[in-house]
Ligand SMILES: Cc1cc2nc3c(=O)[nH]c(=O)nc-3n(C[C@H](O)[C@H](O)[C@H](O)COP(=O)(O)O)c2cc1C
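Taking the form predicted alone, here's one chain by itself in structure tokens.
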């Protein structure tokens, strides 16, 4: 392959990286290119100061972008060579990825790459259509391939417990004016030209209550923005899953992001969407309770519901020129 072909592959991979999910669609990353090597950095100006003071959710988001970068380079015919946290003196440098030797592309890689721009985060209930157990098993395997554990919560009592913790956390956070202002900073009004944040059609004005009830972020706080369409038929909470890691280091947060995105793309390829709940994980004592009582001592990094929906929402991303450093 020629140098020009490699340059084109790198640019396609960078475009794909920008389509990763991120907390409030804040897109908290930046990239730079040196030769055939891409640097992935955390954009500290986009870290949530109140909701994510430790930067855990930011690194999970950047890990998802890193996975998109890696899988797309492979899909373009280059074996990616990645180094995680390569320089202790530059903590915002999360990874470097080099486009290595030519490689063959398998069908799974192609399928995952096809979903990069199609995948959407869901922010409401699901239809009653079941998610097949075999697919859930496949998602578990995909997450394990990146070093994280995805556990479906099968016990109805345990599902109720996680729902109650989510309700409690959302209830407390809804009374925190500073935290609410941080959330609605990323909630876009109808017709907004911004290329980050959550578009008005991507969250309901008044979401229907799922059974059991998993409250969403109140992006419509103190205004009437959002999608006002009737979602009364979509009240199933879907399949509850917990994404965990054995430790709680920065490297494991990045690995969790890679595992999350790999599972999400696999789910999307099979017509399944995901809704995220991080409220309880932002409160230390609730997260610790989850770790000890439901996660076998592992660290919960994401609470995620999986299900089927026919909603069609907008996906927006910053142009590559905004995230690529000179």
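This is a predicted model, so every value here is computed, not measured. Residue numbers count along the first chain shown, from 1.
One more form of this protein, predicted in complex with this ligand, exists but is not displayed; see below.
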message = Although the partner isn't part of this model, could you tell me whether residue 219 comes within 4.5 Å of this ligand in the model of the complex, counting any heavy atom of the residue?
response = yes
key: Non-hydrogen atom contact residue 198 with this ligand in the model of the complex at 4.5 angstroms   = yes
key: Non-hydrogen atom contact residue 309 with this ligand in the model of the complex at 4.5 angstroms   = no
ask   = Should residue 47 be classed as touching this ligand in the model of the complex when contacts are defined as heavy atoms within 4.5 Å?
value = no
ask   = Out of the stretches listed (66 to 74, 271 to 279, 284 to 292, 38 to 46), which one is close to this ligand in the model of the complex, meaning heavy atoms within 4.5 Å?
value = 271 to 279
key: Check all three, 17, 97 and 262, heavy atom within 4.5 Å of this ligand in the model of the complex   = no
Interface residue in the model of the complex among 151, 121, 192, 109, criterion: non-hydrogen atom within 4.5 angstroms of this ligand = 121
task = Pull the contact list for 15 to 40: residues with a heavy atom within 4.5 Å of this ligand in the model of the complex, in sequence order.
result = 21, 22, 23, 24, 25
